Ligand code: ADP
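We begin with a single chain expressed as structure tokens, specifically the form predicted alone.
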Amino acid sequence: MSHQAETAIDFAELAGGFIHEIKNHVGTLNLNLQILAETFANPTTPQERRAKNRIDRLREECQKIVDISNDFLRFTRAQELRKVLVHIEDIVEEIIAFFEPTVRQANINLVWHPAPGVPRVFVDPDLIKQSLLNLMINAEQAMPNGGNLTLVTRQEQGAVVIEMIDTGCGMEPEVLKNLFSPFFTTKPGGTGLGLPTVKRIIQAHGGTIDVESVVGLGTKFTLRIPITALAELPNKGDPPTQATKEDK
């Protein structure tokens, strides 16, 4: 294992321990606030109503700390891969089945165009699913009045390509410039770690992520994951590499 890989693992372990401690203390704080909230559950005076409102705001802030902590933990662990050899179509099909009821309620038409003969890739399926789900949630939020969300999977120059195209509000150039910067967000209550985590996951697979966007027309994300040569796959003594399905 390289020194860089060891450093990344050490940092992830340190961050995990740190976040765990924070969440423990926040959990204790939130528990005490919950007890206080029960005391002021039925306020009868202006003073009690003010106290209840302050307690409610503090509990909301505690939840934000937990959300940020969880997102930061996912960000730091985005390079801890558990790879298997899979058809990318299986991953896309599963995430579409999971997310389709959500987009249907949002009046979004979801279409997938898989290309035939796309080879398998050596990836961490859970992390790829996390990346696609994050992008689909962003697309849904960009289309509050409904629209179209199109996914394309194909092979291109030694890589499997996943394109996600929405007909949403699009993004200004300044937003595009900072899109993958940790903690940058334009969403109220957002942590700004979703897209940076997606980028770290794709880069950890040796791939790339690109984005094009036009205000008022929509956004396209393009993920490229390299196709690993069979000679580079782990030996039998290494972690499992079987596909989720037999070769098509």
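Sequential numbering from 1, following the sequence displayed. Quick caveat: nothing in here was measured; it's all calculated off a predicted structure.
The protein also exists as the form predicted in complex with this ligand; that form is not presented, and the subsequent description refers to it.
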item	value
Heavy atom within 4.5 Å of this ligand in the predicted complex - the one residue of 81, 84, 169, 106 that qualifies	169
Partner-proximal stretch of 154 to 162, 121 to 129, 137 to 145, 108 to 116 relative to this ligand in the predicted complex, 4.5 angstroms, heavy atom	137 to 145
Residue 209: touches this ligand in the predicted complex, heavy atom cutoff 4.5 angstroms	no
Residue 179: touches this ligand in the predicted complex, heavy atom cutoff 4.5 angstroms	yes
Partner contact for residue 191 in the predicted complex: this ligand, 4.5 angstroms, heavy atom	yes
Contact of residue 203 with this ligand in the predicted complex (heavy atom, 4.5 Å)	no
